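Only one chain is included here, represented as structure tokens and corresponding to the form predicted alone.
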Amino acid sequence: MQLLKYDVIILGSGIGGFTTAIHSSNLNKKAKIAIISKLHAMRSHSVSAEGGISGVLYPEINKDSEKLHAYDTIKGSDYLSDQDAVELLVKNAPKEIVFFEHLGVPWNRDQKGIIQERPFGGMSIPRTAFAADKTGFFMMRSLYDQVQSLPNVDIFHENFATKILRTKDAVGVFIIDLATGKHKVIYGSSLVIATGGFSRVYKITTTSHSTTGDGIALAYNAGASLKDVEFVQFHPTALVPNGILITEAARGEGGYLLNKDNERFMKRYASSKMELAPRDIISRAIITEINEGRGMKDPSSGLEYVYLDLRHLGKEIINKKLPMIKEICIKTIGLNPEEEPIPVRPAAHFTMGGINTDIDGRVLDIELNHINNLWAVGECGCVSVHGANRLGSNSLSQCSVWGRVVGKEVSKNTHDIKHDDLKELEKLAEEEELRLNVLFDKKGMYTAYELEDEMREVMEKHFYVYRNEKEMKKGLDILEKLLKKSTNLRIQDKSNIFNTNLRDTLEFINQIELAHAVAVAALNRKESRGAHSRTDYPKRDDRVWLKHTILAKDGSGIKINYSDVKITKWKPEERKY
């Protein structure tokens, strides 16, 4: 087992992880920084972000303001976002767009050279900067080029983290090098978790196969608390039948949602915003249309859907601003959106909840105390700017803003590792190596794949857009049985080199713990708010539930606590669009 010492360890290689590395390196050029990715770093799910990044760029031109951006975000969150964090987001988001401009992101511009901004759901003003419909890819490409130029940053591609190792003054990560099967420990002064969300616990999702919530589960098992994990965002427009994201930018550019009667049905649900209502509202509207018999059915998959119609936009707009959407539709289902409407339905997309952090990204325990040397950034960290429902294009802003915040924090948190800490880390690493060896050799009754399929069916059926106590209790009961079965797994592939069976099994163990946490939190919150919509409690209840759900592991069970929503300027009001 190899031991490698760094000052700053970053687990995850998306926009949050890369920006943290860059800012930490710029502020402390002597710090040794390690970026750990279970994929090749440029295959992080951040490359899949399509629509854009939010920020108030030209307030004098379009009468926008940071205050209006904050209000839109807070209202969109159904008043569960922490308003001090939202104010930090909107103040710094424009600077991050400029930062990416300097890195070389090719923002779409008008003939005067002004960065174009498109409308996004729940936003009062067009404030989403974009690079066609490949924004995440262009941002990642620019970040990757910059990171590779930094002499004090090393990237560990295709290294899978299995456990966080903590002592009083040191922190480390136990890793399997997937290319060789060999084990290593990377340890140091600071660990930043930047591993994204866990939407893969659902059967139909817009996210890549890598979004299995590993970093969140590792933090959860290391004593961190989770915040608001019941709030899972369902993106309204996932392509049927494969679930690939059809960016909100398609509606921002003027796309229509139509039911089987060729009716723009959003007039019944959000008459002032129509197709640019927040995502939770549109997702519920689509499912309502389907439930009331106004949807269509895909003959091969049996999935019901509505149409997203772009035909009236014309070839020029589609080819200039939505070229990847056209390519995706043609290549995957043989449909040209210039000629036919696109079949879409809601799919799991983003996890508003995650590792509980303070405004500086420092990880908190169940009693809201800081956990030494541990930070979280991006989708995996719940700071919380999104509350019960994220507005589209705020996620890339969040990743970049808190990448800078956390990068500054960890650049100052470098210190020598004492001999006693190192010995304790080695002991913890030996225990983890033994656990993995036992798992590898065990002749268990189940494979991860069969249990994973069952988990995803349960989440899709019992914890989807609409929820109720009866169905959630059924789902929770099945998940608890699956959680127990996850201790009796077998690894069929006994090779060392790129053992994807071992990786998939470890990912499933992480996923079932997070799915269970979602179920517990969702059943516990007896109201409807944002993406958590209960038919048995259809109203928002600010008197009882204007608070964050905090979960932590407690022996073999889950302990629940709460924390107050931070309100600075905007008092909760009825949410209408």
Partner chain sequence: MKTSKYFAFFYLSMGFLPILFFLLLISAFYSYMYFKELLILIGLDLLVFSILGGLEIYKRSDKVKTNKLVKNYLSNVKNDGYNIVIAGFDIKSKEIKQKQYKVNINKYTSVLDAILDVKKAQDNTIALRYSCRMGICGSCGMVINGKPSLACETNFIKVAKNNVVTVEPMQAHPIVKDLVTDFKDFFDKHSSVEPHLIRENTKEQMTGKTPYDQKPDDTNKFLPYSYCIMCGLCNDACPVVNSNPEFLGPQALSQAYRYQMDSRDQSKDRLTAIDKLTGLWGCEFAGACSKACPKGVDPASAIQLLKMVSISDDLKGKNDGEKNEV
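Keep in mind it's a predicted model, so treat the numbers as computed, not measured. Positions refer to the first chain, counted from 1.
Same protein, other form: the form predicted together with its partner chain, not shown, and the subject of what follows.
Student: Is there a non-hydrogen atom of Ile497 within 4.5 angstroms of a non-hydrogen atom of its partner chain in the predicted complex?
Tutor: It does: once its partner chain is placed as it appears in the predicted complex, Ile497 has a heavy atom within 4.5 Å of it.
Student: Check Phe137 for me: does it contact its partner chain in the predicted complex (non-hydrogen atoms, 4.5 angstroms)?
Tutor: Yes, Phe137 sits close enough to its partner chain in the predicted complex that at least one of its heavy atoms falls within 4.5 Å.
Student: State yes or no: in the predicted complex, is some non-hydrogen atom of Arg200 no more than 4.5 angstroms from a non-hydrogen atom of its partner chain?
Tutor: Although its partner chain is absent here, Arg200 would touch it in the predicted complex, with heavy atoms inside 4.5 Å.
Student: Check Thr414 for me: does it contact its partner chain in the predicted complex (non-hydrogen atoms, 4.5 angstroms)?
Tutor: Close contact is absent here: in the predicted complex, Thr414 is far from its partner chain, nothing within 4.5 Å, heavy atoms only.
Student: Among 263-271, 120-128, 323-331, 355-363, which stretch sits within 4.5 Å of its partner chain in the predicted complex, heavy atoms only?
Tutor: After filtering at 4.5 Å, what remains is 323-331.
Student: Does the trio Met42, Leu103 and His209 actually contact its partner chain in the predicted complex, every residue with a heavy atom within 4.5 Å?
Tutor: So, yes: the whole triplet contacts its partner chain.
Student: Let me know the one among Asp420, Glu367, Glu431, Asp453 whose heavy atoms come within 4.5 Å of its partner chain in the predicted complex, would you?
Tutor: Looking at Asp420, Glu367, Glu431, Asp453 one by one, just Asp453 meets the 4.5 Å heavy-atom criterion.
Student: Please tell me which of Arg435, His157, Arg294, Lys485 lies within 4.5 Å of its partner chain in the predicted complex, judged by heavy atoms.
Tutor: In short, His157.
Student: Using a 4.5 Å cut-off on any heavy atom, which residues of 465-482 would contact its partner chain in the predicted complex?
Tutor: The stretch does not touch the partner at all.
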